[in-house]
Structures are given as structure tokens and as C-alpha cells.
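Consider the single chain below, provided in C-alpha cells and representing the form predicted on its own.
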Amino acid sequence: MNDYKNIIIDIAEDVATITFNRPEKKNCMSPDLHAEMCDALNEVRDAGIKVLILTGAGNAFIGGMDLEKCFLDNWDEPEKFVEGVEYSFVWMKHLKTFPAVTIAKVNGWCFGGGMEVVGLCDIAIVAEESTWGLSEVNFGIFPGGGTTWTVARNMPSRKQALYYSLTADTFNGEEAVKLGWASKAVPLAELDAVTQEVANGLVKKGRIVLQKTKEVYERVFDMDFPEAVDYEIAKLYELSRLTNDDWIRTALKSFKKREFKPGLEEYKLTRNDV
């Protein structure tokens, strides 16, 4: 495992946790952190995990970009500036298409680029006490680098998306659920336990079916209905081929015998690698 200075990686069987570790800077993202995340995502992907949890050290998830390190310090050195920015694009695009299920565990401050990271994850479990905001307009720019894209994709209401982008007003974790940014909000004291419970449930499910569920959702999002039906059926056949028809051979036969209840529990996988 690489020796990282800005992040901490912990891998326990099928679950990896990456902790942003710049608590003195509210875990704001620097060029060095971006570069480390490029390597870290490759490392945990190669470990064959099913779930990746992202969280922050101290009282912040991510406070946004480190404005001094990312922009001010390198502004007069174009090559250095572009290099630092490109690292951020590389790892965030990788996060968007990451094969494992990604969970943002938002423990505190979550601003700007931190909201982008949450928006790119599949699931977000957040502390009710967490504080969120898009503060870019306060220093004369708009949410960039993909942040506005995640705002548009995660907030279902144009009025709400533009309100928070234009005013820079903050909101808490409970409001984040209502606004479309979070899956579930819990008291900070329960955040670790609830996130672990969600992760434990996910690792019991098949690796390939988790991946295909993510792939299908992303592809059908902008399709019309007939096209989506054709695509989903084709991917179902692909899933069946890759898993040796496990859902037919095991799941449905078990259901027929009343050995499990699909709405309440999962069946026992016949192959550990799926």
C-alpha cells in the first residue's frame, strides 16, 4: 500500500475506506491530495472490494478546494496549474464510474467541491449536524469543475438548485436529504454504525449484480422508455451469462421453496466471486 500524506486508506475484506486527512484545512482538496486520490482509487479497485466509503478526518468531510494551493499559488505557472487541476478530473471521473458501490459518509463541513464528491457517489449517509453550501459566488465565481453538473443531477428542483448556487446559503444534513444530496441523515453519534450497517448489507450481495445495477442506472437515465427496455433486457442476459444464471438457478428456486423473502432478505450466493 502506498504511503499517502493527505489521505488514509483502510481495507477490511470487501470494504475499503478512504479518509480525507487534512483536518487543519477542513480536508480541503489540494493538488497533492488530488494526485494521491488518482493512485488510491486504482489501489482499492485492484483489491477487488465491493464497497468504497469516503469520509473526512476531524469535523469536516471536504471543505471544498484549497483555494491557495489549487489556484492562487500556481496561477502564474500554467503547466503546474493545469497539472493540479487535471489530477482532480482524473480521480473524480474514476469515482463516477467506479465498479464498487461508493458511499459518502459526510461527518461535518461539506462545501463546493466536497458537494461534487458526494454527488458523484452512489449513496450518501450524512450527519444531521453536517453543514453544506456552495460558497463560490461569494468570491466571484460559479461552482465549476463539474460541481454545477452534480448540482443539476442531484437536486430535482431548478429553483432549489439555483437558489443555493446564487445565494450561497447553507443547509444541514436533514435538509440535504430533502434537497436530493443525501440518501439518509442520522445523528453524528450514529453515523459510523449506520454506514457500516449499510456496507455490511451490500457486501452480502453479488459483486457483479452490484456493478450491473450501477451501469444500467447510469445508461438508462437519459434514454426514452422503449430504448431503456431493450437495454435493460440485454443487460439482464449479460448478467445471467456472467453469473451462470445464479438468479434463476438459486434465487428463484429458493423463492419457490419459500426459503427466503426477496423483499426482506437476500439468498445465499452459490459463488463467492459474483
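So that there is no doubt, residue numbering starts at 1 and follows the sequence shown. Fair warning: this is a prediction, and the values are worked out from it, not measured in the lab.
Unshown form predicted together with a small molecule; subsequent notes refer to it.
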> If you check in the predicted complex, is K26 within 4.5 Å of the small molecule, heavy atoms only?
Replying inline: yes
>> Can you work out whether F111 and the small molecule are in contact in the predicted complex, taking contact to mean some heavy atom pair no more than 4.5 Å apart?
In response: yes
>> Taking any heavy atom pair closer than or equal to 4.5 Å as contact, tell me whether E136 reaches the small molecule in the predicted complex.
In response: yes
> Does any heavy atom of L236 come within 4.5 Å of a heavy atom of the small molecule in the predicted complex?
Replying inline: no
> Only one of 222-230, 37-45, 208-216, 58-66 gets a heavy atom within 4.5 Å of the small molecule in the predicted complex; which is it?
Replying inline: 58-66
